[in-house]
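We begin with a single chain expressed as structure tokens, specifically the form predicted alone.
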């Protein structure tokens, strides 16, 4: 006798889940999109970007950290939640320097894709225009701190997969920023390599491979052709490279 399939109800639709899955896991398995930026299926979620906030049985919860449980009634695609997501996205845009037409990641950028999804037509808030350096010291990669959204995906990838601990977040609040763990603070003084997991997980244009910019025509970029449900590893996916196994 087969055990009864367990389900949650997401925007009125019953979807199955497996033990140990979060609401985000179950939703993505059912091809239902919940906006997110710091979530990546290969890493332990920490719910920092708050874009995946949903209403679970009347309470706000982050879908990437909330375990799926039978009987949950979940609201995701509502006017209120999407307005909150749009405001969060606008804040991310003004906190950094995100100039999409001039960014090599345009068309492959999750932040840009989320902005389109939530109907962001302007930044709304006053831009901070922070002064942040570039680090072009590495022979193959450039770090553009202007575009970092503090999702910590590179931190987790370098620490948990590459076992190198090259990236970290320093400071708190508005002063929080990405740093490179080397005596000089430069990427060239680390063992960062082209094949590192951390080289592929940045959802924006903060970690860019040199000599590959603007090589894909408009209409053929990742999010020109793929669903916004595709997360992380955009360079690998776009190149058709082998995807890493899930941890």
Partner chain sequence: MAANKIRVATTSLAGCFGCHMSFLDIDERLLELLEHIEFDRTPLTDIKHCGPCDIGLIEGGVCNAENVHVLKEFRKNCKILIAMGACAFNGGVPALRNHYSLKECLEESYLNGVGVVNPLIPNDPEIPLLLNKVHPIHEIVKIDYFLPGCPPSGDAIWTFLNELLAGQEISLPYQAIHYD
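Positions refer to the first chain, counted from 1. Between two forms, the rigid core is defined as the largest C-alpha subset superposing within 1.5 Å. This is a predicted model, so every value here is computed, not measured.
Separately, the form predicted together with its partner chain exists; it is not shown, and the next lines address it.
The closest heavy atom approach of residue 101 to its partner chain in the model of the complex falls within 4.5 Å. Contact between residue 71 and its partner chain in the model of the complex is not found at the 4.5 Å heavy atom cutoff. Under a 4.5 angstroms non-hydrogen atom cutoff, its partner chain in the model of the complex lacks residue 91 among its neighbouring residues. At least one heavy atom of residue 112 is located within 4.5 Å of its partner chain in the model of the complex. This chain is displayed without its partner chain, yet in the model of the complex the stretch 101-109 from 135-143, 170-178, 101-109, 154-162 comes within 4.5 Å of it by heavy atoms. Residues of 211-226 lying near its partner chain in the model of the complex, listed in sequence order, are 218, 223, 224, 225, 226, the criterion being any heavy atom within 4.5 Å. A displacement of less than 2 angstroms separates the C-alpha positions of residue 17 between this form and the one not shown, with the rigid core held in common. Residue 185 shows a C-alpha shift below 2 Å between this form and the one not shown [criterion: core-superposed Cα displacement of 2 Å]. Once both forms are fitted on their rigid core, the CA atom of residue 194 lies less than 2 Å apart between this form and the one not shown.
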